[in-house]
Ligand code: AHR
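Below you will find one chain, with nothing else, as structure tokens; this is the form predicted alone, and questions on how it binds or moves follow later.
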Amino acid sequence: MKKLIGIAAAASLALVLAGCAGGDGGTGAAEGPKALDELVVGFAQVGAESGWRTANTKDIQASFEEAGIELKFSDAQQKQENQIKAIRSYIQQGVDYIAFSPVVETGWDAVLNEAKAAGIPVVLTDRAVDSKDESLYVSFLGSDFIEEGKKAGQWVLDEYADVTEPVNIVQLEGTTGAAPAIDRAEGFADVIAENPNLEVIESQTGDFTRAGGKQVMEAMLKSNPDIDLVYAHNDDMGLGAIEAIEAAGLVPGQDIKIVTVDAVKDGMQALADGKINFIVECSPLLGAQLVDIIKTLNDGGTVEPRIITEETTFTQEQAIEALPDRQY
């Protein structure tokens, strides 16, 4: 009898220890959904490199506050090592979920395996990771960056449809290795390849910043005096390019046409003013959708592995119409 009691006690202790280990993935699934005000989500942001990123941060923070879910937030200042450090900190703290927008595509398997081992589901927002193991995250919420590049390329293709002479294009790339930089370049190149007169004569990173866009554009104007069009991977770099073009005594939007991606307010204003010719939208307002993903997982449901945001494009006339009600 004493032996049986000992076995029963050991089994009970094992069950308690298993519960303490968070075997339900931190979702509360073993005991049913957690109350929203009991959930803790860790979010590792890229940084504050652009108006788009600032709007993205504000929207995510506001959405979680409205939902009553605690959000632990970190700013990686565009450094992968800072993001990895933040994610490891969230794992140590035992948060229920981790969400982050990767600075670059590669180099995440180790830390994401740590989160998986800890039973903490991970959601990617805005940017993807390049990993063969798709079990390391439950969903990727964000834009189709290749499609954005294609939309930009299509406008250029249409704009220069009747041109028989070479069109010199320069490209202001986003952060080297970042998903939007890679994909927006790819989508753009695929479409303009239909017209052999359209040629990207130079392409350099401006790191998604206005200062970077200005600096790179200044250098490009010196090395390539006959630039016809600038394709910038975001509005901020395009706005920096405008400063450089004007400083060179040229008229942006006329002497040199400009196509950008994002559609933040400053970019839309430049489009309305005729300094930018076309903008492909990339919405930063992902907060509500991210909260919905967390709620669904907390309730024991499943989510799509890829959730694409709905976006549009803007001409000058459309920008003038949209600006008064623009949220970001």
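Numbers for residues come from their place in the sequence shown, where the first is 1. All values reported here derive from a predicted model rather than from experimental measurement.
Only in words, not in the display: the form predicted in complex with ligand AHR, which the text now covers.
*Asks:* Going by heavy atoms within 4.5 Å, which of 197 to 205, 126 to 134, 161 to 169, 212 to 220 lines up against ligand AHR in the predicted complex?
*Replies:* Stretch with heavy atoms near the partner: 126 to 134.
*Asks:* I need to confirm a contact call. Of 145, 108, 90, 188, which residue comes within 4.5 Å of ligand AHR in the predicted complex, counting heavy atoms only?
*Replies:* So the residue touching ligand AHR in the predicted complex, by this definition, is 145.
*Asks:* Just one of 43, 64, 278, 52 has a heavy atom within 4.5 Å of ligand AHR in the predicted complex. Which one?
*Replies:* Checking each option against ligand AHR in the predicted complex, the one that comes within 4.5 Å is 52.
*Asks:* Would residue 180 show up as a contact with ligand AHR in the predicted complex if we use heavy atoms at 4.5 Å?
*Replies:* Taking the distances in the predicted complex, the answer for residue 180 is yes, it comes within 4.5 Å of ligand AHR.
*Asks:* So which residues in 73 to 107, when you check ligand AHR in the predicted complex, have a heavy atom no farther than 4.5 Å from it?
*Replies:* Nothing in this stretch is in contact.
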